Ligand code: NAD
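Presented as structure tokens, the chain that follows is alone, the form predicted on its own.
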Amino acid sequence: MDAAANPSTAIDSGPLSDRLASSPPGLVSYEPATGVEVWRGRIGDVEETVKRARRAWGGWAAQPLSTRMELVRRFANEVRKDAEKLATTIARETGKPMWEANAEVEAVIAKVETSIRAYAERTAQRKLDSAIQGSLAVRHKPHGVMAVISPYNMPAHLPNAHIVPALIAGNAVIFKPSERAPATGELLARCFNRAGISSAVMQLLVGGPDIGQALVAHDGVDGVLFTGSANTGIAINRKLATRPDKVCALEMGGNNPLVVWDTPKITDAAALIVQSAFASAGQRCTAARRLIVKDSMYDAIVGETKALADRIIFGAPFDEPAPFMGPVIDNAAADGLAESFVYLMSHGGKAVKHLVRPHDTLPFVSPAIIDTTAMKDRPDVELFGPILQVIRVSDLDEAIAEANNTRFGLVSSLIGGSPQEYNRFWANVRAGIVNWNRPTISPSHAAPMGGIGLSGNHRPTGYYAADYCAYPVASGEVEQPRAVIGVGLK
């Protein structure tokens, strides 16, 4: 698929950049649902921000671990105090419904205790004693200054999933929010600072892609923690290819398969499919992009899924009744999705439910379903929006092969099937998350979150974030020097 038909590409060069070009050096964010301005501010200074972080991080790392943990707990309390304001800002800046914005704020709060438990488990101190050899100790140290670069779709939860573990470990953090969600980033940073974590230890750096690029390349940054598109993640990986000294954790997108096999629970299966494909208007890295269905289940499953999708309310965040999903992030993204749907149809796809744009000037897009079984070369791209491609298969081996027919490998899910068939599916499908009778979205905070292929670089976030926020140090220790050389001397 060409770049014009790929909404991931369109999103990276959306209308916000056009607006910014006419009003440097500031940054402005707008409500996708209305076009109304949400926030306006100045672009940050990378050099000065890194200098402040480098001066501050040593003192932060020297604080007792218990102190750092207590301060991030205070941060959670600050988020609770500001929960309504934060959720409203998330809803305005992303277009997601208020119920979903509220859920994101709850996830931010819950992440704190999960991260504390994870750090204690993943980086526990160990000591082995030997009468002759002394002791062998294993402890962990922070890396230094960590850059956290986050996307717009979950502008509080996704950066927070990096920031909290990094701070607990003793790192200073420079948080570069998406240029489409700076207001949310600012509120989040203020909560950290009000909790007693200084504005030098936890800094906000506002700016566009050029600011992110400069931050990644800066010699004073010891690690880059990124969540976002595969294209940007690959660019970061290339930039750091000659810097093995820098930690690089990439959590990228997916062309995620959801396989439906034998099940009598047609209504439940359809609900799982709709949740997976259309929550957040399809703007989640874990969203199901491909529905792979057994031939004998096709009519029942696709029919029930279409009927449920037809009932979806999509609208503005504060509409009544509450919508299931809001708009996509901007008109460039909506245009890209519309062009992608036309591309799929013109290359062998058969529309099950057409994509509709009810407003020419606002980025609302209806849920869309298209059967792409007859396509010879299905594009292996992340269509970042509410488009679900359906593929018929005849047996489980074919289903697994089709699920693996992608360069990505974030999440796969099987609906239906026997325990034995799930075991086969789990053993052979290539993904960092493999579910059974669960949606592809909303992974557990108590588990690792990451993928393989173009979905990540084997540094999962979630419960395993502690692994890339601190490095292990092995120490052989004896109270007094004691050694002899037994051979090779005159």
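Note that residue numbering begins at 1 and tracks the sequence as displayed. These figures come from a predicted structure and were not determined experimentally.
Quick note: we don't show the form predicted together with nicotinamide-adenine-dinucleotide, though the next part is all about it.
Participant: So, in the model of the complex, is Ala235 in contact with nicotinamide-adenine-dinucleotide at a 4.5 angstroms heavy atom limit?
Facilitator: So Ala235 counts as contacting nicotinamide-adenine-dinucleotide.
Participant: Any chance Thr373 has a heavy atom within 4.5 Å of nicotinamide-adenine-dinucleotide in the model of the complex?
Facilitator: No, no contact at 4.5 Å.
Participant: Can Ser229 be called a contact residue for nicotinamide-adenine-dinucleotide in the model of the complex at 4.5 Å between heavy atoms?
Facilitator: Heavy-atom contact with nicotinamide-adenine-dinucleotide at 4.5 Å: present for Ser229.
Participant: Is Val247 near nicotinamide-adenine-dinucleotide? Define near as a heavy atom within 4.5 Å, in the model of the complex.
Facilitator: Answer no; every heavy atom of Val247 is more than 4.5 Å from nicotinamide-adenine-dinucleotide in the model of the complex.
Participant: Pick from Gly253, Pro182, Gly326, Pro159: which has a non-hydrogen atom within 4.5 Å of nicotinamide-adenine-dinucleotide in the model of the complex?
Facilitator: Selected residue: Gly253.
Participant: Consider the chain as shown here, without its partner, and state which of Met449, Leu27, Ala431, Ile441 has a heavy atom within 4.5 Å of nicotinamide-adenine-dinucleotide in the model of the complex.
Facilitator: Contact with nicotinamide-adenine-dinucleotide in the model of the complex is made by Met449 alone.
Participant: Counting any heavy atom within 4.5 Å as contact, can you tell me which stretch out of 412-420, 395-403, 379-387, 335-343 lines nicotinamide-adenine-dinucleotide in the model of the complex?
Facilitator: Flagged stretch: 379-387.
Participant: Check each residue of 271-287 against nicotinamide-adenine-dinucleotide in the model of the complex and list those with a heavy atom within 4.5 Å, in sequence order.
Facilitator: Only Cys285 sits within 4.5 Å of the partner.
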